[in-house]
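Only one chain is given next, in structure tokens, and it is the form predicted alone.
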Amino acid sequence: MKSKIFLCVSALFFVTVSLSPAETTLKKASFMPQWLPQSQFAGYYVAYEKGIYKKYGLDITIIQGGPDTRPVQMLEEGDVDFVTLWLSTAIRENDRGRKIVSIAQVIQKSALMLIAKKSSGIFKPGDINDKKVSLWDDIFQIQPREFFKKFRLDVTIVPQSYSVNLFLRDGVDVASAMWYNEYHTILNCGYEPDELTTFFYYDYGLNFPEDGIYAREDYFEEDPELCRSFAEASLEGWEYAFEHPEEALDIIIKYMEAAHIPANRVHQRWMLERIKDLMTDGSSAKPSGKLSENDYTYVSDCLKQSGLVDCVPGFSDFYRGAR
């Protein structure tokens, strides 16, 4: 028994003394995207694999998200240091007493949309009146309900699962979709774009920026430099991914396969291209990472009007990004 203990201690000592000075000064932190590995989160995996986090002095552990994880709860309990969340979710969680702050707004435009088949006679918002519309629950219903209110639509709402099969089988006239995901799935099922009518909420003045990077307020105040370094490194990871898409796809598919998730390269490429459209202005591959105060105010007001929040932090209290 003594011999075994000696060997373990010796091995630990060897590892410790063999580290370079640069590696011993890396700040450790953990990060959880809100879903399973896919191109929606490619920039973070690229930043890890290409050593960008280390370049910024960080030793980052990426913890896999997914349907069985609760990023906000894990953030609150200190089990993870950074997460991605939708802006609307983060505002609501603050109202519930969870003090979290935005350190970067990654996706600038909403990818949430409604899709209809032109064969159903739907070409403009007014044509949705008296139709069956499938919606995801919770935070996903705010924009469509604002859309219905704006155009005075009376619709029958049907719960929507993760599948678009109900829409494909004409069980509903209109379905919810993410531009980078379900919309492409419908195209892959044999529909041509000109056979579909799409309603992007941002085209109708209903933009809700989606994925942003968040930390606990006390964690940020303890080391704002670490938090901002993580945000900057992540954005650089995204820029690299957009400039080297095939390499980024290789990286994300490696993580998908390790997680035993079916990896379709064509679909992941579509997703990466659409994420770039949502994250950049199109003139370059560089994402801004900024949260617009106008967007913050608009989303906050919609949440208040929907009765989902009572009060929200001031913009400068909520957004702590360096850009």
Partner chain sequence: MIKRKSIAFKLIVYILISCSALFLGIFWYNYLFSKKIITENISENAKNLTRATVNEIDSILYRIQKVPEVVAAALERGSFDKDELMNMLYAAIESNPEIYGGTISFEPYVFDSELLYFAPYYYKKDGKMELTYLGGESYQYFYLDWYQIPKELKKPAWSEPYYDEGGGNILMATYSVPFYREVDRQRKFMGVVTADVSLIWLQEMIASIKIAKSGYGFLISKNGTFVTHPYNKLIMNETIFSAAEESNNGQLREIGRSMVKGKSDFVPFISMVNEKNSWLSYAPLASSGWSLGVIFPRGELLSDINRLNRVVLLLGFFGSVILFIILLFIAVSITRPIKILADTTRGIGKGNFDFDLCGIKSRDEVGMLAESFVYMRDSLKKYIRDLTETTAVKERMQSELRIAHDIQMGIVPKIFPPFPDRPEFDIYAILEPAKEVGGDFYDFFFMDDEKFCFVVGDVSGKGVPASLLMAITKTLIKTMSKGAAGPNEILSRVNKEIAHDNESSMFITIACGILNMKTGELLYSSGGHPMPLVIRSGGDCDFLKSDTDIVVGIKEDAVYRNNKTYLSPGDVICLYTDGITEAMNKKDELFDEARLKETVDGARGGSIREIVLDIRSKIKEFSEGMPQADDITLLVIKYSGVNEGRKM
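Just so we're clear, the structure is a prediction, and the values are computed from it rather than from any experiment. Numbering follows the first chain given and starts at 1.
One more form of this protein, predicted together with the partner chain, exists but is not displayed; see below.
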Note to self: Contact with the partner chain in the predicted bound form for R70, defined as at least one heavy atom pair within 4.5 Å: yes or no?
What the structure shows: yes
Note to self: So in the predicted bound form, is the partner chain close enough to D281 to count as touching (4.5 Å, heavy atoms)?
What the structure shows: no
Notebook entry, point to check: Taking heavy atoms and a 4.5 Å cut-off, does K132 contact the partner chain in the predicted bound form?
Noted result: yes
Notebook entry, point to check: Is K99 close enough to touch the partner chain in the predicted bound form, meaning at least one heavy atom pair within 4.5 Å?
Noted result: no
Note to self: At 4.5 Å by heavy atoms, is each residue in C189, E257 and V266 next to the partner chain in the predicted bound form?
What the structure shows: yes
Checklist line | One stretch from 236-244, 210-218, 151-159, 117-125 that, in the predicted bound form, holds residues within 4.5 Å of the partner chain by heavy atom | finding: 151-159
Notebook entry, point to check: Just one of D79, D250, E195, E222 has a heavy atom within 4.5 Å of the partner chain in the predicted bound form. Which one?
Noted result: E195
Check: Considering the partner chain in the predicted bound form, which of R228, H184, R145, K109 comes within 4.5 Å of it through any heavy atom?
Finding: H184
Next item on the list: Check each residue of 228-245 against the partner chain in the predicted bound form and list those with a heavy atom within 4.5 Å, in sequence order.
Entry: none
